[in-house]
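One chain is shown next in structure tokens, namely the form predicted alone.
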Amino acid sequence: MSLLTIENLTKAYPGVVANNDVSLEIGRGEIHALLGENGAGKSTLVKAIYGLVKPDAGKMTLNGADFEPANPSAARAAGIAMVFQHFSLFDALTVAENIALGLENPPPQAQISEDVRKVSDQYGLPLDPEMIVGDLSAGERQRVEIIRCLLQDPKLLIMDEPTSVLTPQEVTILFETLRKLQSEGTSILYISHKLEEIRALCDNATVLRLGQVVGTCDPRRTSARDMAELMVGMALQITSKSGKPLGDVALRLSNLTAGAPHQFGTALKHISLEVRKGEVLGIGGVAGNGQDELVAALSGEMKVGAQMVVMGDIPIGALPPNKRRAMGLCAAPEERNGHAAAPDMTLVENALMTGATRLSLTRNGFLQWDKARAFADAIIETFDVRTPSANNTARSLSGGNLQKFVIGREIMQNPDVLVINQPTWGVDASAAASIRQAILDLANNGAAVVVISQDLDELMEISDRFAALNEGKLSEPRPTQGLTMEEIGLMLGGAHGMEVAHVDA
């Protein structure tokens, strides 16, 4: 029997029809996957279910009754809960305090703490309600969001990219929790670009493309490649590495040490490495182990000792970002909305912000808008950014499309050194393949590339060498070829001094 039925739902925005006559059905106790490229209409559809947007046409039925939530509060009252891709938590507050903020009529803090302990034990999500959220790992933060939802006793739980920042062990725990919820009759709408996870977890899948339903399938009987090709409407290109020999050292870190930039940050401790021209160095690690701080030290957002960061033969550790850009070092941080891009500025303005120095988008102190607009248009076309116009704001793009824009913006400046944190975070299989190919092409043309990612498969696919970041310390980089998952696991766990035979690339 169906829990939620959506019939002919349509929602249009200026210049784009986000959902076009969409219909789907979610059964009671079913884990239903919602698949599609970035900009396919997934976010708009779940926002309609959660009461964040009002459809232009169509009908929704929940438990056999008409369902038209005016806002998220009404959706929650009807039994809909949602765990968003971007956590909405306050670092300085405790777990219990954060959960209280998300409840309509929260009980006393002592009762919330007791409820948190009870639910965390019941569903295998260990969590201390008195912990400060800023001290939690990414996986623990997600548990806060999930437990906040479970305290509302939902009939339908919507999860948007729930494993994007989780370790493999945390993914296992999450799946056990979701299967327990399913066994108790809770339905789950699961959005993810990780198709092997979809195959392992979900009962059914609905695929969107350009706002329309283009197919349904049983993920357990459909290969990841077939699902990906249904999403994009064509066969996917497979990336490949170049066999060119590496060039001279382009970037050198010497005993890079820096204090934590804030209370919940991570100090960098004695990091040394070399990256050569034509090389992709992959750096893995669980979120919160110094990734943001390392990018800040490399990009110039956080100044360190001049000799700690050397580009070619020039010490740059004390230089600001624009001077490093002028020398050929570009960087893209993990947080795209608010850090890599200004949400309320247009794509033209966002292209200008980092491209002005390297691409000479100013003259005699005046902005050259025609050149900036041409640059933005080139990014949109080359990286297939789904937007009506370069004059649209960054905020108007889906997360995956904004990711394509900010990564494309840096790659298309043709840097000599490129540093990227989470290059394919939240993008679909086709876009991820395109971004990885663009990174490889850049390296093949002689750039040195540092890719920081929590996606180990991604790092193994594109990196020449691999290193692990743990509590601000970096392991000795190892050739990727021949590395086993056991060795990678030891490196991720902080076994920096382990004696393991090196494998030639």
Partner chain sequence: MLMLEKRSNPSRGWTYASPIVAVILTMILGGIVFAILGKPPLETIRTIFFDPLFSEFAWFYRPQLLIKGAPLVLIAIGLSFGFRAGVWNIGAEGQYIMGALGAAAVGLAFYPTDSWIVFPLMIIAGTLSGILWAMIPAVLRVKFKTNEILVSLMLVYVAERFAASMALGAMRNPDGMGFPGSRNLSQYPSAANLEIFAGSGMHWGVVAAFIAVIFAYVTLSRHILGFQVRLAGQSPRAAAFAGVNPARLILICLGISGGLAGMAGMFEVAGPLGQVNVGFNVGYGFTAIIVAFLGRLHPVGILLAGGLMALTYIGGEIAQSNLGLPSAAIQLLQGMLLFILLMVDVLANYRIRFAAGEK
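Residue numbers count along the first chain shown, from 1. Just so you know, these numbers come straight off a predicted model, no measurement behind them.
This protein has a second form, the form predicted together with its partner chain, left out of what is shown; the following refers to that one.
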Interface check vs its partner chain in the predicted bound form: of A138, A224, A374, M345, the one with a heavy atom inside 4.5 Å is M345
Quick one: from L210, M131, A260, M353, grab the residue that has a heavy atom within 4.5 Å of its partner chain in the predicted bound form. M353
Contact stretch among 75-83, 151-159, 310-318, 360-368 - heavy atom within 4.5 Å of its partner chain in the predicted bound form: 360-368
Would you please decide whether P106 lies within 4.5 angstroms of its partner chain in the predicted bound form, comparing each non-hydrogen atom pair? no
Would R325 show up as a contact with its partner chain in the predicted bound form if we use heavy atoms at 4.5 Å? yes
Taking heavy atoms and a 4.5 Å cut-off, does G102 contact its partner chain in the predicted bound form? no
May I ask you to check whether R143 falls inside a 4.5 Å heavy atom distance of its partner chain in the predicted bound form? no
Those residues of 300-315 which, in the predicted bound form, come within 4.5 Å of its partner chain by heavy atom: E301
